[in-house]
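Quick setup: the structure tokens below cover two forms of a single protein chain, split into structure 1 and structure 2.
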Structure 1
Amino acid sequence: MTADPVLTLDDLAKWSRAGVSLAVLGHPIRHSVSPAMHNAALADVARDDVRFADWRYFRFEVPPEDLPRALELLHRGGFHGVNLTVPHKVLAFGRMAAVDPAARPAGAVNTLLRRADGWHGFNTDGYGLAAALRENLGRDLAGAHVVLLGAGGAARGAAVECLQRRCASLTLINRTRTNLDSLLELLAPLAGGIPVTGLEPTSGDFARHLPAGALVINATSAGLKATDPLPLDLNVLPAPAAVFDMIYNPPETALLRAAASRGIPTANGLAMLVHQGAKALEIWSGVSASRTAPAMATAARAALAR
């Protein structure tokens, strides 16, 4: 079996493989380049260390209602590690046997490590975001005014990272008030004096609360499809410093095009994907993220070009 097919719960139910297996779960998952990225890094590492010669990474299409069963089958099948993407990061949080202290504030996990007692959850999204912002935009979260779009699993990891790195302020924008309030409640103990504001884009005094010179980060799925509406009208923002979109495929979303047309520096989420993936592989293998990130980046770009 290769890492190329999109596998399902049926494949997982009859799983039998002698080597070390890793996986990514999502819905949808067909667009993911994580298998190409991780398998290239593993092949590169295996040239120096034969222990990794039988490690392989697979992708599984798992609807949210099937996540509990999938996690059970993965553990029973001996999978060593799992990545989670949309929509599973928050859903899986309460199903962990243990959660890394750094991931607890986010209430979301994207990296699971198999232990005898169950899955141990981690969140590498914040690490990936911070590394990508430095690499692509030359910007740090520390001291930055951040406007964060979304309130799901990816937004949670990003928001926690912003506060832990002591951003100047954090403005959360989300269309669903209940999700927004839930995230604000989760972040309150972490703020430590940092102003944290939650806004709905339809509120009447919306623009009045937006800071000038902000780093805008899109953590929503708006932009995955060409027909998606903009997650935020940049015209309401006073001169953003830069716009970062976590989406990497397509490489230029409508939000990034709108920013570029105004002369605002932009970056997509490919570097974030690479760095969070390299950190996940470090958790599973002990091989440093800095060692595997270059091979992952090359493979991810090649996969997207295809």
Structure 2
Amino acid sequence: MTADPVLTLDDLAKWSRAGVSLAVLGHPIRHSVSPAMHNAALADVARDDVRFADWRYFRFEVPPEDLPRALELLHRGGFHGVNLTVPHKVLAFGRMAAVDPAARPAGAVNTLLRRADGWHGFNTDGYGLAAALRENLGRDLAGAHVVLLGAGGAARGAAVECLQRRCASLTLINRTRTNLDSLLELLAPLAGGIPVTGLEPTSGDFARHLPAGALVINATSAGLKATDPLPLDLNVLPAPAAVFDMIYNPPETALLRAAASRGIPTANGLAMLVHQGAKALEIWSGVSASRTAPAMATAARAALAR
């Protein structure tokens, strides 16, 4: 069997592969570049270390209602590790035998490690974000004034990471007030004195609330399609220091184009994807994320160009 096909629960029910198997579950999963990234990194490390010669990473199309059964079958089938993507990260949280303390506040897991008592959950998205900001923009979350767009799963993880790394202030902007309020409520006990503010993009007088030189992070899905509206009109902000968009396909969203045309440094979400993947592989294999990230980046770029 190759690592390429999109597999299903039926394939999982009759799983009998001898080597070390890893998987990503999502719905939809067809466009995921994670199998390409992980298998390239595994082939690369196997050249130096024969222990990894039989490690392979597979993708499974799993709708949300089948997640409990899939997790059970993966454990029974001897899978060593699992990645979760949309829409499973929050759904799986309550099904873990244990959750890494750093992943608990986000209420979401993207990396599962097999243990005898069940799956142990981790979240490497925050690490991926911080590593990407450093690599692409030379920026640290620590001490930064962060303007975070969105209040969904990705924004939740990013907001927790900002607070855990002690940003200077956190301003959340989301079009739906109720979702914004839920996130503000979740963050309140974590703020530890850091000012956390919530705004709707339509609430006029932005400049009064927002710090100059902020790090703007788009964690909305606005920009995935060419017809999407901008998640924020950059004209309403005092000049930001940099704009990061978690979206990597398309590689340049309208928000990044608008920022670049104003001379603001920009980066898309590709390095975040790579670094969260490299950290997941580190959790499963013990091979450091910095060792595998370059092979993952090359493979991700090639997969996206296809």
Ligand code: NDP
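Predicted model, so just to flag it, every value in this text is computed and none were measured. Residue indices: 1-based, along structure 1.
- One chain, two forms displayed separately, with the form predicted on its own being the first of them, structure 1.
- Rigid-part rearrangement between structure 1 and structure 2 places its hinge, out of 92, 83, 35, 273, at 273.
- Domain motion between structure 1 and structure 2: the smaller of two rigid parts turns 13° against the larger, based on C-alpha superpositions.
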